[in-house]
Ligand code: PAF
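Shown below, as structure tokens, is a lone chain in the form predicted alone; questions about how it binds or moves come after it.
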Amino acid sequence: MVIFKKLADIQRYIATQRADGRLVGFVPTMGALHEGHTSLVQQAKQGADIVVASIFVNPTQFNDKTDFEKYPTSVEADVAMLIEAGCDILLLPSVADMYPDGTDSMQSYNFGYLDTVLEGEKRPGHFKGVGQIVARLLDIVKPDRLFMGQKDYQQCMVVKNLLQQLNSTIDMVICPTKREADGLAMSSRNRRLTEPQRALAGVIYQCLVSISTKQTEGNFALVQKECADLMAAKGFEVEYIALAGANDLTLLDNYDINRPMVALIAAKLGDIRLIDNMLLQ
């Protein structure tokens, strides 16, 4: 794996690969990697000739300064995991390189409704930062295919919207969520959980399964309350338990078998915020 810290160097290198007819796959990350990230690299290897990953903890997408300061970093371990996964190129840029003129001068993108509900409502300014950094990375790497994980479902929808705004021909591939044995979605934040918290965290997945299996009963409000009560009893601070249209994230009051749906949950254990989702069949 070739590691670049300077933008001009990686751009020249990728240009030579593309000149030889190689398709470029891209996996953007914020580091603190786990098997979910390496599964993205592995899927990218199946859908592209060379795979580029980036590690950059983007300050503009943290609406909570404390969350940014506590975000885990483990660059040496991350590099080892990427090498083992077969990644070809790694970009390790600095904040100064990514925002040479400061963050205030970066173009902003309007994500409309997506920026007003669920994560958009709970994390003001988050998707503005996501849009800015993804647009910047795509301009640097210029990939043919972009690989992202379903765990951040709303973020995936925002990036799809961004690609439309950019009139981009990049093919976005959303990859299934990787889970622990108890169903907990793999996340960089999981490593901040204490052992007692980790033992409880799988309840989020149990609730998503319950929402999915009880759709035949046709009463989302009831299962929503059951899940909220269960999670509260386990010590969670529930932010939302929602049902939405899978294509546009329109919030639904009840199950609608005539449209694809997604169940989404966000909750805190202590000061650690966890999110997850499940597509309903």
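The numbering used is simple: start at 1 and walk along the sequence shown. Computed from a prediction, not measured in an experiment: that's the story for all the values here.
Only in words, not in the display: the form predicted together with the named molecule, which the text now covers.
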Any of the heavy atoms of V41 lying within 4.5 Å of the named molecule in the predicted bound form?
-> no
Does G36 make contact with the named molecule in the predicted bound form, using a 4.5 Å heavy atom cut-off?
-> no
Residue contact check: V130 to the named molecule in the predicted bound form, 4.5 Å heavy atom | yes
Any of the heavy atoms of L114 lying within 4.5 Å of the named molecule in the predicted bound form?
-> no
For the chain shown here without its partner, which stretch in 233-241, 209-217, 25-33, 246-254 has non-hydrogen atoms within 4.5 angstroms of the named molecule in the predicted bound form?
-> 25-33
Which pick from V134, L193, I170, M157 sits with a heavy atom within 4.5 Å of the named molecule in the predicted bound form?
-> V134
Checked M98, L163, M148, I89 for heavy atoms within 4.5 Å of the named molecule in the predicted bound form; positive is M148
Report yes if all three of D9, Q11 and S94 come within 4.5 Å of the named molecule in the predicted bound form by some heavy atom, otherwise no.
-> no
